[in-house]
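Next up: just one chain, as structure tokens, the form predicted alone.
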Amino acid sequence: MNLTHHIPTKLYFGPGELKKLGSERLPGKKALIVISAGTSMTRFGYLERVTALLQQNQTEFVVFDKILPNPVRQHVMEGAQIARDTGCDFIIGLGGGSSIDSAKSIAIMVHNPGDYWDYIHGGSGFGLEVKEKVLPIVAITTTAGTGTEADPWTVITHEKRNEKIGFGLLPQTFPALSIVDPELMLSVPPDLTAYQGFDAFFHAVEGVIANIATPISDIYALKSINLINTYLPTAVKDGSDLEARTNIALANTLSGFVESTSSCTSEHSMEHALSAFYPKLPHGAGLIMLSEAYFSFFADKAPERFILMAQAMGKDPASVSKAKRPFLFVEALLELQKKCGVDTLKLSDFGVKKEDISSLSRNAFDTMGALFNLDPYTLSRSEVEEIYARAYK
């Protein structure tokens, strides 16, 4: 067996670790702080705390506050222009995955010419080589969902073309420094806690069934699955439970390690199509709504992998027949969704129409088609449409 393991991110993890920002050697002297267009970073005082720590560390900053829940190319270009104009030499992503992903993409574009989509592989992107310097990135996560603090990937939507595509550069878009402080996650409301937690969960699950999984990625992924199964219901019901928040934050970071050592599979391609067409659909919610149909389809295609995941969720394979053992994972998945109050989500509630299925399938293959090559079984277009149809309510 040959494998490569290289995650060049210095990571501080644990309650209270945000304070390290005031003394840690940072990768530059002036930061562009990238935050969402919402109010949470200011309402809960997170931006004020970060800027005070930067001042303590004799670091200048500029704030860019336009990022959407499904971040778009336009704001990447705008943020890069501001960073250039103000002389920023590193980028801080403060917030959830959308802010940190945007920070990574902005870091690419500060010194590279043209449009961000010139460098994107897939869809209408040109796939050009990034030749100029990528600015260093600092990730300060206030949610537990994407694991982007521990991987090089960023997902951005082309707002005019309904293309939501992942991209990254090795090792340039790994954060130089990441701070994971669960105290910053206590304010996340129950529905978003659930959506984000399941996003991390599916990163781990897809990393297990991906055909490039390794013994190292399995260690990260199975532990993440176990932690989320154990602690997510508590974090959803009582967001002030710091133990639960800390364990979900750890699971999320572990899922980021999975993204760096294995990969997502086509479930993410299918969801990216959904939220590209319906940008108000939370990514984690889309994954939840696809998951029963998707993993039921794959359970007997990779039975040993599914049994491992079922065991990580407390199921006993010896309790059922051999043919039913892989489906114990789907059973555990549905139980977890019910405990977290997300079992009644419907695609139709987010405006998705059944007649959209053909367009969604085409978009999934056109924009994120590479992930279909990492599935344990090669899906046809008709099978993808069948999974969408089974997921539709």
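All values derive from a computational prediction rather than experimental measurement. Heads up: residue numbers just count along the shown sequence, starting at 1.
Separately, the form predicted together with another copy of the chain exists; it is not shown, and the next lines address it.
> Which residue among A83, A210, L254, A299 has a heavy atom within 4.5 angstroms of another copy of the chain in the model of the complex?
Of the candidates A83, A210, L254, A299, L254 is the one lying within 4.5 Å of another copy of the chain in the model of the complex.
> Which of I219, V320, L128, L170 has a heavy atom within 4.5 Å of another copy of the chain in the model of the complex?
Result of the distance check: I219.
> Would you mind picking out the stretch of 246-254, 264-272, 134-142, 286-294 that comes within 4.5 angstroms of another copy of the chain in the model of the complex, counting non-hydrogen atoms?
So the stretch in question is 246-254.
> Would L3 count as a contact of another copy of the chain in the model of the complex, using a 4.5 angstroms cut-off between non-hydrogen atoms?
L3: yes, in contact with another copy of the chain in the model of the complex.
> Taking another copy of the chain as it sits in the model of the complex, is Y12 in contact with it (heavy atom to heavy atom, 4.5 Å or less)?
Although another copy of the chain is absent here, Y12 would touch it in the model of the complex, with heavy atoms inside 4.5 Å.
> Is there any non-hydrogen atom of P215 lying within 4.5 Å of another copy of the chain in the model of the complex?
So P215 counts as contacting another copy of the chain.
> Taking the shortest heavy atom distance, is E385 within 4.5 Å of another copy of the chain in the model of the complex?
No, E385 stays farther than 4.5 Å from another copy of the chain in the model of the complex.
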